[in-house]
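Below you'll find only one chain, the form predicted on its own, shown as structure tokens.
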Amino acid sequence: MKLIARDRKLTFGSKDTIALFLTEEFKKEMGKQVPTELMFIREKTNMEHFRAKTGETLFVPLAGSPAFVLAGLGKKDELTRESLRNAGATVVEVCRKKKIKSISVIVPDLEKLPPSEAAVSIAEGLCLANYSFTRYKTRGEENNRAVEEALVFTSSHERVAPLLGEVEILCANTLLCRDLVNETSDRSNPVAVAQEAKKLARLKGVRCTVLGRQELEKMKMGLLSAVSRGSGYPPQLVVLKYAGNPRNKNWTAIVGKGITFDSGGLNLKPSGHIEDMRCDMAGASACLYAIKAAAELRLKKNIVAVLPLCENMLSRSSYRPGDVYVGYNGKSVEIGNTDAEGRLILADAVAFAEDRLKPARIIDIATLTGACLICFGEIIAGLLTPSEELAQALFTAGEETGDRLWRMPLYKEYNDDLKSDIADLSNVSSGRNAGTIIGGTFIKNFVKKTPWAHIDIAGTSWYSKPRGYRPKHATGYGVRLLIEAIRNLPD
């Protein structure tokens, strides 16, 4: 969607479509909430039954005048940036059903939010809701036609114009992230995802290196190699570097779990749990498109993405429960369950990142544990980190972007649950308790001194139903979160 900033000097034709955002108090404050040029809607429209509650919309086609989409914001003292995003999503939903290609969006002047924040939030909702994955449909559904353009009218258009450019970039990359996760695992296999990463080397400041099976075995990345043994596709380790500030020596490493299909291995997932396991590379996809977004934004930061990519499949070569493998950092791991594979490939990847790349900090993001979904549902991601700076930066970024997360503890006592009789560690606990914390604790054993944070997106990366501006299935969670957090971290 193209976003174009306009000032509040309103001129419209009879074929235009105008989106108005109203709070529940609009009937008392009509003069404040509707521009003078549009006050004729009050006389021409019966709004008796429109309450402007959160999520409520009303489409008003007027003869000889512009059509209106009225979107409810709820009570004005309860407004947030997230509620504005969701309101923008309701407008797009109406416009797509009506096959409207261009909309004029009137950004309201709100007491709680500056005009620029209100404009950006609504624009994000518009762009992020303007999505559907119909690649394999022979006939598109009626409401799948995307809105092509939004004219955003605001009282601070000069300041908003460059911000809308950023919104376009961030949202476009979030939608690309959704596409890659929604894609079939036959087409988004480890080699294919690595090829997508290589394409980013065309962008200014970006370099890409892909390591294959032989290089990984030579480097003794025994955990990544073990997980990939059952697959017909070789494992890949992608290293994507974006040098946005070459004079600075500090780098932020982002590590994304890239299991392009997770059968569970010999601990096979049952029906009801295996069907959507193409989404198990959502962390890698988020990192991939965060790098692309950073380059297109020309972000003055240095970021390196490390993407361990493989499938967890069954064959006579598959790794087995009871096997012991040695990771990149020399620690041995007993396999207690082959379906706890994500922590294994992340362990090798974070150890590699710390040793070879020497970043100032490491953030890993992964669809790691079903326990996180049980704990937080699909609304919040789990955050585990011993670093107060990373905890604050990520939490704040989550509140700003709507990619929210909540911190969980990493007390050393949890290490007791990872003890093995025959190796340094087991990849699972002997019990079923504290699954998300145990997963994070396992990865922590492979980071020596570098500040590190782990984000578990098992619930937030893949929705069972649409929620606001996020569709059913892949949500693109993490792209905007990572950019916002890295933007605000010190050099």
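Numbering starts at 1 and follows the sequence shown. Because the structure is a prediction, the values reported are computed rather than measured.
Beyond what is shown, the protein has a form predicted together with a small molecule; the following relates to that form.
Although the partner is absent here, T367 lies within 4.5 Å of the small molecule in the predicted bound form, judged by heavy atoms. Contact between R145 and the small molecule in the predicted bound form is not found at the 4.5 Å heavy atom cutoff. The small molecule in the predicted bound form comes within 4.5 Å of a heavy atom belonging to A340. Interface membership of V428, defined by any non-hydrogen atom within 4.5 Å of the small molecule in the predicted bound form, is confirmed. Only one segment in the set 225 to 233, 272 to 280, 354 to 362, 405 to 413 has residues whose heavy atoms sit within 4.5 Å of the small molecule in the predicted bound form; it is 272 to 280. Within 4.5 Å of the small molecule in the predicted bound form, a heavy atom is found for all three of D262, A371 and A458.
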